[in-house]
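Heads up, the chain below is alone and in the form predicted alone; it's given as structure tokens.
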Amino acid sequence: MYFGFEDITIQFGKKRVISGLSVDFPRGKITTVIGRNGCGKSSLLKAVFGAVTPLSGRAVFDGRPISAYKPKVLARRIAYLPQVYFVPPDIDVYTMVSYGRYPHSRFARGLTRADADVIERCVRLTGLTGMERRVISTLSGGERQRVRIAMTICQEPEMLVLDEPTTYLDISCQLDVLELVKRLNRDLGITIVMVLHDINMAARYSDYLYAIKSDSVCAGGTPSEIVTKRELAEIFRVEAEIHRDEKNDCPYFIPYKNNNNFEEQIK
């Protein structure tokens, strides 16, 4: 297994959010985890980096348990961008991006010329050229997210894990961020695993989708295999019309009825 989970169970108090889940994410592809609110999508990703401790099971990377890696060694290979990431408002873009070099740093040694080259390349790749001395607090939401992504790829990882990278962003910024993610996968060969709420966006920008329902994966496959009337009804309890986006070669849906009995519950 390149990256994935083996029989993992996650529980908070008496509430079990993931139960005996096993999933293998393909190398070199963009895979998005989808599912209803509270199904355990983000908790699953947090378990990779110790923010959540599984009740049982394990996360695996390159054939070894994640727990077998030293933190700095793991950070050179996998970069993680959480949904909520505190950014000091008074630092500039260049400084923030440079934090990504920490896994490669040595004791009592500052940034090297090689580090500076990597930082400059990441600034360029994320469309931040000319903004290096801008203070973070002066940036838009989309620009801040690009800075965060630049910082993660400054680790020079082979894999990028993104938890809701488009949260709080308007549609234009969402497109910017996801186009950037697609470009990093295509041009740098970085494996991408992310969580998204917008299923149409997930279908457009992913090679594979994994859907979680009732504390386990209930479906996995290409967007065309997952974005179907049957799967949407099963996973999200939504009746929808399925259409084809010929330009982007992916399915999309228009929901027209919610079958979760919410109206009956509030009467």
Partner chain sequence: MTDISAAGAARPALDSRPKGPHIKKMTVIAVLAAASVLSVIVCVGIGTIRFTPGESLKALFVADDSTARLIVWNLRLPRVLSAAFVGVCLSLSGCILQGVMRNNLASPSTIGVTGGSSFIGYMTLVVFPSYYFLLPAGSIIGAFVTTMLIYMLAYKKGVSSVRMILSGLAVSALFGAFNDVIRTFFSERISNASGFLVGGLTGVTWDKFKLILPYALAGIFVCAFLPAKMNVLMLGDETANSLGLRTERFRFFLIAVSSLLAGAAIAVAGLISFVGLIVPHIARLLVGSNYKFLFPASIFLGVLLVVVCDTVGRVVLPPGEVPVSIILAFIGAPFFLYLLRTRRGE
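Residue numbers count along the first chain shown, from 1. Just so it is clear, the model here is predicted, and its values are computed rather than measured.
Unshown form predicted in complex with its partner chain; subsequent notes refer to it.
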Distance check, Met151 to its partner chain in the predicted bound form, heavy atom within 4.5 Å: yes
4.5 angstroms heavy atom contact with its partner chain in the predicted bound form for Glu158: yes
Contact of Thr167 with its partner chain in the predicted bound form (heavy atom, 4.5 Å): no
Gly100, heavy atom within 4.5 angstroms of its partner chain in the predicted bound form: yes
Stretch in contact, per heavy atom within 4.5 angstroms of its partner chain in the predicted bound form, of 230-238, 204-212, 217-225, 41-49: 41-49
Proximity to its partner chain in the predicted bound form, single hit among Leu139, Met96, Val195, Ile192 (heavy atom within 4.5 Å): Met96
Partner contacts for 123-138, taking its partner chain in the predicted bound form and a 4.5 Å heavy atom cut-off: Glu132, Arg133
